[in-house]
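Subsequent text provides structure tokens for two forms of one protein chain, presented individually as structure 1 and structure 2.
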Structure 1
């Protein structure tokens, strides 16, 4: 784990926090607010006593003042299942440094933060299909195993987000936070990608791994461009006009993804694959906290 995840890297991510607006019910005790009002420490409300309630939670001072029986309600913090869907398709390993490095470091960041907060974390790499996932685990001791797992991931073919998300949905995971780390370059187009994301029944965090030349390619002349995943070729004369049309298509792609994220109230962040991930955490974790 020397190259991708150094000691400095691990130390740097320990101070970060992941805050969910609301944890789904039915989980273990952890640090996230939940709908369950039970035996926690943080007072939330009163409610009128009904026969059968626990008499130990009655507020006798209030009874003395009002003459009526009330119960004190406390918030019961629960854990947040975090499912990291990590794109390990061929395009993520194309070019140097590969986008997969930044993507895996970002996955490690998310995993480490969640484990620190006693959340359960599962990693689901995908390419043309789901790669053998790392079973969900919680607690800080699970982190080294996750980092080792991330380190050994290899290219897994063409991106097929639709099939992969469908396979992920069949695993019947408890609703939680689905973190999709990808370049979202599915050959079927952005509309198919959005359909795939829409089918996920989790709160979404979209982390897009980009490069500056994605938006402004520095190409010129008569080119036969070969897709690194599908080997599909496109003959193009790179001129001002064609570059303009390329940028328009790329912008439309970005806007479609952003619009979808906004409608789903999902967080959509971008990571530059050419820059160290640690330098970019400041813009992702505002004040050290990532609100999802």
Structure 2
């Protein structure tokens, strides 16, 4: 466990917070605001009394002034279900250091922050399909088991982000925050990836694991390119024009994902796999807080 998750790494993320604008109803007591207005700590509004309401929530001062019966409504703090979909396809383990290291560390960051707030966290790795997940758990004591689980994950076959996302969408789970950690590369293209993401009924946090050379590879001449997952090869002649077309295609890929995130009001952040994850958390947790 020490290779990816040192004591220094764990201490560095202890003060981070994850804040949901509103938590879905039906959960446990925690630190987020629920859509349910009932018994809670923070006053929100009044509504007219109807027979059967709890008279203990009646505002008698308002009754004396108006002669009408009103209930005081409060926001109930509840937990936020956090579902972490983690790309562990073969390509994520290909380079040195592998993107899977940064991806697993980001999964650990999100999990640790949520567990510290008593949120319920589940981890769902995928490659060609969903891998056996780590069942949802809550509370700080669950963190060592999650870190061990993340450390021991191995390549899970060729990339099928589309199939894996749709499989996850069919699971019967309480709505919450779905965190997808991936490079978002899929052989069928970004349009079908976005269609699959639309099937998720959760609020979304998209964490894209990148390398600077993704956007602008340093290649030239007559080359044989080998697919790191399928072992298929293709002979190409890399010229200035072909590199320009590649950069345009990559920019279109980025813009399509960004547009989807904006329309869905999803958070969309990037992590550089060539840099230490801890150095990049300031741009994700602004002021120590990630607002979802």
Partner chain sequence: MTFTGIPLWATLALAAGATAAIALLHLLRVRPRELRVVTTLFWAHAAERTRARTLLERFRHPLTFALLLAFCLLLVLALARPEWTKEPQRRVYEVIIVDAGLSMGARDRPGGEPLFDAARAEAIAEANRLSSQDRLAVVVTDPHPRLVHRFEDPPPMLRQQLSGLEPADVPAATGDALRLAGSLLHGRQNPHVVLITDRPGDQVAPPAGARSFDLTVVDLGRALDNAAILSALFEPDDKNPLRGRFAVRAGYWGESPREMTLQVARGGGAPLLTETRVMSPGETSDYDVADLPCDGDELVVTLSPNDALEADSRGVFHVPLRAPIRVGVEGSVPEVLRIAMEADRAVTIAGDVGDGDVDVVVGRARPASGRPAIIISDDGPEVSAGQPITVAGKSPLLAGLDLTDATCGSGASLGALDGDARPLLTAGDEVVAAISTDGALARVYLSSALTAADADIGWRPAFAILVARALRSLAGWDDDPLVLAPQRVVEDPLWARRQDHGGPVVGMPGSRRASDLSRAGVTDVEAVAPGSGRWAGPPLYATVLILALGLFLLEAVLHARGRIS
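Residue numbers count along the first chain shown, from 1. What we label the rigid core is the largest C-alpha set whose atoms superpose within 1.5 Å from one form to the other. From a predicted model like this one, the values you see are computed outputs, not experimental measurements.
Assignment of forms: the chain in structure 1 is the form predicted together with its partner chain, the chain in structure 2 is not. Taking the core as the reference frame, the CA atom of residue 62 shifts 4.5 angstrom between structures 1 and 2.
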